[in-house]
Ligand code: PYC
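Here you get one chain, nothing else, as C-alpha cells; it is the form predicted on its own.
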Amino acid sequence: MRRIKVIDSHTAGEPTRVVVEGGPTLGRGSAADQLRVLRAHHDRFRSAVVNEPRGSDVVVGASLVEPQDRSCAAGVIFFNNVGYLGMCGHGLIGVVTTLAHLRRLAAGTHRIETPVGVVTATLHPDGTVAVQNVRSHRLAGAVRVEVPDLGVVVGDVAWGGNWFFLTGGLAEPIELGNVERLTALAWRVRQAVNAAGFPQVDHIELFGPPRAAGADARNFVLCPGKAYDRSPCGTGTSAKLACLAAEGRLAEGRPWVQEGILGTSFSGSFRREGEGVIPTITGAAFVTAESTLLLDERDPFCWGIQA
C-alpha cells in the first residue's frame, strides 16, 4: 500500500492538489529535467493523483520537488488529467498558500522554480498572493481560422506560461449556465487553431463583457483535457496582458481586473521586457483538505481511470 500525502485548495474556485509527500524520485536536475523524468517513467503517478476515482478532470496537480536553483524556496511540477503544464497561475497561488499552511513559508517574497522558469511569489499578510510570472508574449495577432458551423474566428496566439488562443465577440454568453455550449465551441476553435498551423495551442480563452463592478473583462478558458477553468486563469490572464501590451491598449503598471466564469477575479498588471512583458497576477487560495491517497496495486483503478 503506497501512501501519498496531499493538500487540496482552490484558487478563485479552481482546485489545486499539492503532493507534499510520497511522490516518485525524479533526480537532482532542474524542474524541467524532473518533469521529463516524471513524464517518461512515472506518468501513472500523475494519473493516480488527479484522475478518477480519487480526483476529477478539473483537478490540477502540483508535485513539490527539490529546486536546482538554490535561491528558490521550492520547485513544482504542474499536471492535469491529460498531461503536464509549463506553469499554472492559480496553481502557483495554491502552492504558496499550501506552503504557508504548512508553515514552510512566511509572508514575504519567494522564488519558485517551475519547468518554464523561475517565478516570484509575494505572500501578503492578508493571505493574497501576487505571482510575477515568466516573460509572456503575443506570437501572432489577428489570426483568422475557419471553424466548421461557426465561420471565421479572429484571435491572438500568445504565451503566458502555456499557449493560448484568445478571442472575443462570439455570440455565446460567458456565463455559468452556458458552459456546455462554451466547451463545445472552444473545443472546435482549438481544433481549427491547431490545424491552422498552431499545434502548440492547448488552451482556448473566450472573452465577453464583465459582470462585476470594476472588472475589465469576463473569460471562459478551456484547458487541455476539455475541463473549463473555474478561475480567471493565471497564465491566461498573463497571455491577455501580453496581447493588450502588444496592441498598446493597456499602460505598463496599470491594473487589469480579469473576471472568470464563476464571477471571481484576478488583478493583473505588467512591466515591459524586450518584446514581451513580465505579468504579475494577484489572487487568493483557500485550503480545503489534508488527505492521504492510498495506492493499492490490487485495485484495477489504482493508477486512475484514463480515457
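Numbering starts at 1 and runs along the sequence shown. A quick note: this is a predicted structure, and the numbers were derived from the prediction, not measured.
Here the subject shifts to the form predicted together with the named molecule, a form of this protein not shown in this document.
Out of the listed residues Thr97, Asn219, Ser136, Asn162, Asn162 is the one that sits within 4.5 Å of the named molecule in the predicted bound form by at least one heavy atom. For the options Ile204, Cys88, Ala158, Val131, the one in contact with the named molecule in the predicted bound form, meaning a heavy atom within 4.5 Å, is Cys88. When the named molecule is considered in the predicted bound form, Cys223 lines it closely, a heavy atom lying within 4.5 Å. The closest non-hydrogen atom of Val76 lies beyond 4.5 Å of the named molecule in the predicted bound form. A residue is said to contact a partner when one of its heavy atoms sits within 4.5 Å of a partner heavy atom; Asp229 meets this definition for the named molecule in the predicted bound form. In the predicted bound form, no heavy atom of Thr114 sits within 4.5 Å of the named molecule. The partner is not drawn, yet in the predicted bound form one stretch among 89-97, 150-158, 137-145, 120-128 has residues with heavy atoms inside 4.5 Å of the named molecule: 89-97.
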